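Let's start with one chain on its own, the form predicted alone, as structure tokens.
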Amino acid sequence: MLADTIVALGVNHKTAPVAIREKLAFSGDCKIPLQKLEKIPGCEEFCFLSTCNRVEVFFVAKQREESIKNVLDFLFTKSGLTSKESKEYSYIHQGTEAITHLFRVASSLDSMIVGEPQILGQLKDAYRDAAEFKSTGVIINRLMNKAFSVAKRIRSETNIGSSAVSISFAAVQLAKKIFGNLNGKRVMLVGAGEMAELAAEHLVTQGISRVVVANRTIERAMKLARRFKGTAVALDELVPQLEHVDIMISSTGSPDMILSRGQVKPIMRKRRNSPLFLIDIAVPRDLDPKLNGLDNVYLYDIDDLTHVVEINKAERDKEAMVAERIVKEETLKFQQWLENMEISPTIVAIRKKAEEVREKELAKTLSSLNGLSTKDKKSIEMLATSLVNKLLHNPIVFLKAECAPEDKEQKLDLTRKLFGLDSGQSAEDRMSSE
């Protein structure tokens, strides 16, 4: 069956730690891995995906066992891992499982953060590279485009991507509730914690116009500021900078609070009470809880954000269940398309054989009838065509009817035998010998 020729083979955040995934990292020219895959015997169509959380090859191969071994060798060739370790850290999905896996990847159901949108763009880029390299064919082309439409359907029919399920993203969602639109807003990062960096990344994608980094070590502040095309300031400049920013994210390692209510109150007068959003993701806390008592100052700490995340995780899990159902539905639809692909050559062969017989018998009949008008000949031709179509109708409906994969194979085999499609003898030769 055609479905059985589809394979998804790879490594991701579920099967291997980052130390292993790093060994498989592919960087530089995207054509290099495609060129290597092209040399693998039996790899008829393929697409290569490489991100920080996964390295995968989606391919079509009739001799699957040999191709799987070679693709596995390709992925781990420079890793220094043994063959046993390679199998331990990788996964292989074949047939229906491979189709379902790709649809789940495209829809971010297989992502570290379920619902994140980046993976779909990465998969589209991988497919574009493969298509330009001409390593895709009818099956991979259809499979990838179907994966994109499945992801789009899940985005439109569920709310899987609307809830924040990471601390950094939760901070951004809260900022949007306060300001509505983040275009043109200014943010200050205090400290250089990883969660603050991630929050800043999310904010930048939402249209933040300016990033200021304040840190005890000015070199570290400058390095981080360059990443966001912002400016670096000393930690001593924290308070006066508050006059010019809308959002502050603090994640220092200070044992004491670095900002008090008394320091911010006069700043709010200078700001004419324009909203100030403070995010404290430091443990112990950087910011005075009493800041929340000031008008138009909105302070959230790590516990507030964690609470938002937990609520949203429960909501997203419900949406994920709906998304999984959609994946199952679309997998069945794709399998039906593959089955029709298998049936088509047999239907074409039946029609071709019937047409050969019709033309042969029509020619014999017309040559034996003298004095027929053009109209009479046309009527006889139409009669012959109609008889052929009516006789073929039920066998073709029988072939197209839904059934189990093993029954489909039996039906195809039986039909080809009944119509003598694999005998190697032409219709004309058979009629001559009868």
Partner chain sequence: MALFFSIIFFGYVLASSNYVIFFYNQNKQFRTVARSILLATGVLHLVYLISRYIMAGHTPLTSNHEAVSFFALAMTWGYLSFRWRYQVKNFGTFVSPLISLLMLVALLSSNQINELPPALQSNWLPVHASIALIANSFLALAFCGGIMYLLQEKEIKKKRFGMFYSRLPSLEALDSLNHHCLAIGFPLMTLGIITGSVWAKQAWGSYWQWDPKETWSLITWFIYAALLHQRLTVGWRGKRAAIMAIIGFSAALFTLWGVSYFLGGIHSYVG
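Just so we're clear, the structure is a prediction, and the values are computed from it rather than from any experiment. Think of the rigid core as the biggest set of C-alphas that the two forms share within 1.5 Å after superposition. Numbering follows the first chain given and starts at 1.
The same protein also has a form predicted in complex with its partner chain, omitted here; what follows describes it.
Taking Lys333, Lys360, Arg351, His307 one by one, only a single residue has any non-hydrogen atom within 4.5 Å of its partner chain in the predicted bound form, and it is His307. Scanning Val245, Ile178, Leu120, Val233 against its partner chain in the predicted bound form with a 4.5 Å heavy atom cut-off leaves one residue, Ile178. Residue contact with its partner chain in the predicted bound form: Arg272 places a heavy atom within 4.5 Å of it. When contacts are judged by a 4.5 Å heavy atom cut-off, Asn292 counts as touching its partner chain in the predicted bound form. With a 4.5 Å cutoff on heavy atoms, Leu299 counts as touching its partner chain in the predicted bound form. Although the partner is absent here, Val204 is not a contact residue: none of its heavy atoms lies within 4.5 angstroms of its partner chain in the predicted bound form.
Residues placing heavy atoms within 4.5 Å of its partner chain in the predicted bound form fall in a single listed stretch, namely 299-307, out of 299-307, 125-133, 224-232, 334-342. Superposition of the core reveals a Cα shift of 2 Å or more for Gln173 between the shown form and the other one.
Relative to the superposed core, Gly137 shifts its CA atom by less than 2 Å between the shown form and the other one. Arg271 is among the residues whose C-alpha shifts by 2 Å or more between the shown form and the other one once the rigid core is aligned. In the predicted bound form, the CA atoms of Ile113 and Phe277 draw together by 3 angstroms or more relative to this form. Figure legend: C-alpha atoms of Ile302 and Met112, shown here, are separated by at least 3 angstroms less in the predicted bound form.
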